[in-house]
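Shown next are two forms of a single protein chain, provided one at a time as structure tokens under the names structure 1 and structure 2.
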Structure 1
Amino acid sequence: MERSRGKRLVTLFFSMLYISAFTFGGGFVIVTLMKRRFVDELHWLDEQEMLDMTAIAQSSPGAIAVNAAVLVGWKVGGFAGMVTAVLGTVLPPVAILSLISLFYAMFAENRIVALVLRGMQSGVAAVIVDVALGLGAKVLKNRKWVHNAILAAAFAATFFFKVNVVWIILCAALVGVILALAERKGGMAK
């Protein structure tokens, strides 16, 4: 039992280390790779759990990658899993940023580095669109009109009216609480 737990923690650490080391573009990119690894390949989580964890990670203060690592790590291995996942997630950026900071002046003025970064932005944008479409499709597949209405309203509020994402998250959370309370009250009446 203890050996399999240790093996699982080692797999978790190296999975997060690999994902974090080769992920550029922010939290949504890492969440996509986490989903592929922990849902599709290892089957440690199901899609709904990953979707819920993504929502919690996004709506919590801090970096979404670290927040998601905390949640996945806790689910997979409790406190030890959480620490393991966070260490695997933060070590690559700390190492890379430490190295870059030593040579910042050289990087900042290098035209080739600037062009590489511009090219990476396009790839990152594509991955973020992939995540958004995948998560949106998951919401639409559940076929609950309220969730679809929230999705459409959130998109419209962000895209057309430039509403701050914090207000959108708070409003969606409030609707979720109201729906949960109504469902609970309806379940108690039966």
Structure 2
Amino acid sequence: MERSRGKRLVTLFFSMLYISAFTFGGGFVIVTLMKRRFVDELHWLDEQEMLDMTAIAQSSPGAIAVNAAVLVGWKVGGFAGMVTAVLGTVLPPVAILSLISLFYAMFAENRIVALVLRGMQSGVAAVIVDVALGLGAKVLKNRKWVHNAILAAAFAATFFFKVNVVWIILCAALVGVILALAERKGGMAK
């Protein structure tokens, strides 16, 4: 029992280390990579939990990647899991930035580095679009019009109207509260 727990923490640490080292761009990139690793490959979380955790990570202060690591860490291994996941997330950028701050001028002007980074940006965009397509298809398949409407409204709000993400999450949460109250009232009327 103890050994399998230790093993789980080691896997958690190296998964986060690996993901964090390859996460170029914003917090949604790391969340999509975490979904592929912890939901699809390791089956430690289900898809709904990952989405819930994304919402919490996104609407809490601080870096989304660190917040998501705290949530997944607690779920997978309690306090030790949380510490392990956060260390795995934080170490790669700290190590890389420490080195870069020493060699910044050389790094910024290197053409090979610039070309590799440009190619990787295309790949990162494709990974995010891939995950969004998979999750979006599942929302639509449930055929709940309220959820489809939230999907469309949230997309329009962020993409076209550049509404702050925190407001979008609060509004969606408010819709959930209203639906729950309406259902309770409906249930009591019967």
Partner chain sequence: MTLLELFLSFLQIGLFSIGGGYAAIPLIQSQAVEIHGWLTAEQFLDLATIAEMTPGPIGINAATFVGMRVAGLAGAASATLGFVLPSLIIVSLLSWVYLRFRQLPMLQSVLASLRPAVVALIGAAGLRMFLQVGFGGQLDIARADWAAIALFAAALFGLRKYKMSPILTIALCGAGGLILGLLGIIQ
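Only the largest set of C-alpha atoms that superpose within 1.5 Å between the two forms is called the rigid core. Start at 1 and count along the sequence of structure 1; that gives the residue numbers used here. Owing to the predicted nature of the structure, the values given are computational and were not obtained by experimental measurement.
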TODO: Of these two copies of the chain, point out the form predicted on its own.
DONE: 1
Task: Core fit, then residue 173 C-alpha moves 2 Å or more between structure 1 and structure 2 - done: yes
Open item on the list: Core superposed first: is there a CA shift of 2 Å or greater at residue 119 between structure 1 and structure 2?
Closed with: yes
Task: Core-fitted comparison between structure 1 and structure 2 - CA shift at residue 129, Å - done: 4.5
